[in-house]
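As a starting point, one isolated chain is supplied in structure tokens, in the form predicted on its own.
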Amino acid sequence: MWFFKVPEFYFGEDALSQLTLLNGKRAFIVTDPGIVQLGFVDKVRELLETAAFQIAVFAEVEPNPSLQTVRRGAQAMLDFQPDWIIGLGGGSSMDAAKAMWILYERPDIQPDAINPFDELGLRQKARLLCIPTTAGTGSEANYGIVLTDTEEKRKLTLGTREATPDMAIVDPFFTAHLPRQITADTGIDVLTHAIEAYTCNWANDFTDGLCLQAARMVFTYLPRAVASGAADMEAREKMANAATIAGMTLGNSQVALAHALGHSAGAIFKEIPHGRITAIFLPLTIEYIGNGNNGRYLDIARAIGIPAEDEATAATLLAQAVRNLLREIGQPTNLHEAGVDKQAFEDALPLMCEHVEVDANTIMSPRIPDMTEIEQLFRYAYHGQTVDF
């Protein structure tokens, strides 16, 4: 037995106007300083005030939000006592909002103890609404929470089905003017979600179609969104929708080895955005899994128009198509191109391998590497080699 759990969605042009119909009294917005500077918080505040809300803003979320930030935000919620919590921003803000909400409802819980097995009894105090301002993470559509333990230099993959947002608003207003680099960094994350959710051990009939549609949309619309920006609003809207569609598969299916490798490297080399560093590992993991005859890549290849007659060929061609897409949108295809120093890489390698071995996403892979293979994958990723094992 499995499940399929998603929020209520409002999407498309002017979806944000739904805020004026929200029932409640006190809204707590979780976001980051950049979103404040862009004026997005003011836009949301204006619509909420139309609905007579009192509003508090916590704008201290950093990229890869830390356990410490989550604790500070939860305390601010306890002081304000909201009945709606709004995660506004990219995946970091939305993940932080989920974790803060849990601690607000359950102050007895430590953030690194959030798990899918314990019943928390949420929604006694508040409900959660997520509004993505990038087209990538899909955090608005699922219960996943990724936090960083800064002391251990480790990303934590957490979550509970109860933390699925009650509502998500996907409005291309926010993504229309994203810079080219952020469009590429976040948009490529959608493809990693779609491919891994389709091929991982928990793939299922309810998510398969969503994965294939999201992958098709990325290959069709991401190059246009990167190249044309706000001049191509169709591409912007389609990428915003693709991010949420792929986000629905997370939790209802799962991600796998590329995310385990990306989480581990990203926790060390924090200057590289999550989507960018995880996408570097995607073609390598496609090749690694394909070499073990464990993949489901034929369907994906055919969905995006790649002629392939068997799984082995499909894996090879799909990995190449991903690398070609990365180059087309100006993304690095290896860790060296991404700016990782060789000595820093060598120094971090033992810890990165250790973290991959215990990452929850690793066991979702249809082919699970041993420690020697994990190290090989990292070395191949640094130099940009095709996986031959």
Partner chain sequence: MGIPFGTDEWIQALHNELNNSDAYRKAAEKWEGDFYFVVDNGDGNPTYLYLDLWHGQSREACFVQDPSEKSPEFILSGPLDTWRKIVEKKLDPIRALMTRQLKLKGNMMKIMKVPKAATELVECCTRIDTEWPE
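Remember, predicted model here, so these are calculated numbers, not experimental data. Residue numbers count along the first chain shown, from 1.
Only in words, not in the display: the form predicted together with its partner chain, which the text now covers.
Tell me, yes or no, whether Leu158 is in contact with its partner chain in the predicted bound form, where a contact means a heavy atom of each within 4.5 Å.
Taking the distances in the predicted bound form, the answer for Leu158 is yes, it comes within 4.5 Å of its partner chain.
- Give a yes/no on whether Glu357 approaches its partner chain to within 4.5 Å in the predicted bound form, heavy atoms considered. Contact check for Glu357: yes, within 4.5 Å of its partner chain in the predicted bound form.
Q.
My question is simply whether Tyr104 lines the interface with its partner chain in the predicted bound form - judged by any non-hydrogen atom within 4.5 Å.
A. Taking the distances in the predicted bound form, the answer for Tyr104 is no, it never comes within 4.5 Å of its partner chain.
Review point. Should Asp112 be counted as a contact of its partner chain in the predicted bound form, where contact means heavy atoms within 4.5 Å?
Key: Judged by the heavy-atom cut-off of 4.5 Å, Asp112 is in contact with its partner chain in the predicted bound form.
Exercise. Would you kindly say which of Asp108, Glu119, Glu151, Asp310 lies with a heavy atom within 4.5 Å of its partner chain in the predicted bound form?
Key: Partner contact (heavy atom, 4.5 Å) among the options: Glu119.
Exercise for the section: Go through Ala56, Leu67, Ala51, Ile363 and name the one with a heavy atom inside 4.5 Å of its partner chain in the predicted bound form. Expected result: It is Ile363 that has a heavy atom within 4.5 Å of the partner.
Requested in this report: Name the stretch, out of 198-206, 301-309, 76-84, 236-244, where some heavy atom lies within 4.5 Å of its partner chain in the predicted bound form.
Outcome: Going by heavy atoms within 4.5 Å, the stretch is 198-206.
Suppose contact means any heavy atom within 4.5 Å; which members of 1-32 contact its partner chain in the predicted bound form?
Residues within 4.5 Å: Met1, Trp2, Phe3.
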